[in-house]
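Below, in structure tokens: the form predicted alone, a single chain.
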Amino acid sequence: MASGHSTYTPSNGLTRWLDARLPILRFANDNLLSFPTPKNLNYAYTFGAILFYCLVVQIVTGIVLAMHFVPNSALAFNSVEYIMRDVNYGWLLRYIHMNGASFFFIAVYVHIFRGLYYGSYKDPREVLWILGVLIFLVMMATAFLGYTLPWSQMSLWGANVITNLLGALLGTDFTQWLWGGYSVDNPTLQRFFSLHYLLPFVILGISVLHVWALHHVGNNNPTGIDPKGPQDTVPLMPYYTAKYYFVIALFTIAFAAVVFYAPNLFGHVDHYVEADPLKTPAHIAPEWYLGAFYAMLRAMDFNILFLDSKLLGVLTMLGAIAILFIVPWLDTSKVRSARYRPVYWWCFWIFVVNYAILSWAGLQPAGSVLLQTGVDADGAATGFNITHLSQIGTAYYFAFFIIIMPLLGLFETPRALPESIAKAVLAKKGGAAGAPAGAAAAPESRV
């Protein structure tokens, strides 16, 4: 997997024998120990390791929970209560798994935004980026399927909303096939449980390809320039693995604080009400990490030509994900890092704030008035509402990729790039530009 010449040398007869038949020690050395890593990587580059940590936690806790969960519409809700009350440490396993999804998405959003900021999708890392977006897409599908399993009010009606929306795009036959009948019921739950159990292993498989692609082309870095020699890199072990351990420890502390002190911080009260197909909740909301896409879906409350608002909303939501796959070809700038792109820097941070606002808007009741300007004939408040806010946010989301990225590459004047990573590190630390390469390695190894 690692690009370049292997530095591994078997130390004895046993390792030479094994290396000739199964070079697993060579693989570990080249990819986990001596893999050359740009010496200026910051803590934003540790979130790939955090994501792998989250994936392992979700798979392990999910397997144990599956031993006690009953995927039957008449028993699922009570089986979750059984896990919480009667299974030894079942409450802990469920809270870890439930909140683990939120922390998984926190890490993946940081990872994605870091990639957009530092241009980690540009040549030669297009396939690396596409695999990452594919992981994100499968994560969202897995999270939605898990959302339906407790068979609460929010689970049942969330499944109804999303499957009907997909039906608007793919037709009634697809919806009924997905349901396993003519409504969301027991066959639907069984299918969703099977898929929810399967997809994390699909994520694991794609992640292996993602890491393979990363180790083939090498890491990007905050300056966005390629290493020009050994003076620009340090071995992965111990310089950056130490960073990984430190950040994962901090991440675990924050995770544990939520699990033990605020386990329902990201939850909704209707998740503790058993599903009732005859009673619709007053407000159906997704989990926070899917809120932005739900806001885009609801923003389309108008018709365009032959597209009604329902179909237009589905296309907008799916388009918001699909556009991420072609980002490497939308950004026309030759400079990778936003550090050297002053206009893009502002546009990027507006994009991040806009996405956070969309995520919040997707969790609010539809039609909520934010700025009242009057009342209608029934006495209800009118004015600037959540839908209007979502429409503005959706417009900027797509404009960032379709208009801003292509045009900035043509008209933006970037700042001058450093000659090498080593010189950039020395300049940041106040060292002399002409210092020997070896002098830069020692202080940087402590970062």
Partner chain sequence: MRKIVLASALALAAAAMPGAMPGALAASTAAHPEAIDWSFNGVFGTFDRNQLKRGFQVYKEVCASCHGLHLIAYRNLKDPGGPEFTEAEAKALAAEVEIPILDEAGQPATRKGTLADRFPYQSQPDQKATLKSAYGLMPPDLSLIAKAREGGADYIHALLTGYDHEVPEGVTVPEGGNYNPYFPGGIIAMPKPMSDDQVEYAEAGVPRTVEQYSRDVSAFLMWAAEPKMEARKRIGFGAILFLGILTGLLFLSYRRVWRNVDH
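Positions refer to the first chain, counted from 1. Everything numeric in this text was worked out from a predicted model, so none of it was measured.
There is also a form predicted together with its partner chain; it is not shown, and the following applies to it.
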query: Partner proximity in the predicted complex: Arg85 to its partner chain, non-hydrogen atom cutoff 4.5 Å; finding: yes
query: In the predicted complex, Tyr240 touching its partner chain (heavy atom, 4.5 Å); finding: yes
query: Contact test in the predicted complex: Leu65 vs its partner chain, heavy atoms, 4.5 Å; finding: no
query: Contact of Leu363 with its partner chain in the predicted complex (heavy atom, 4.5 Å); finding: yes
query: Listed range touching its partner chain, judged in the predicted complex by heavy atoms within 4.5 Å, from 198-206, 303-311, 243-251, 211-219; finding: 243-251
query: Its partner chain in the predicted complex reached by all of His97, Ala101 and Gly229, non-hydrogen atom within 4.5 Å; finding: no
query: In the predicted complex, the residue from Gly267, Pro71, Gly167, Pro328 that sits within 4.5 Å of its partner chain by heavy atoms; finding: Gly267
query: Selected contact from Ala257, Val375, Ala322, Leu371, since only one has a non-hydrogen atom within 4.5 angstroms of its partner chain in the predicted complex; finding: Ala257
query: Interface residues of 111-127 toward its partner chain, as seen in the predicted complex [heavy atoms, 4.5 Å]; finding: Tyr117
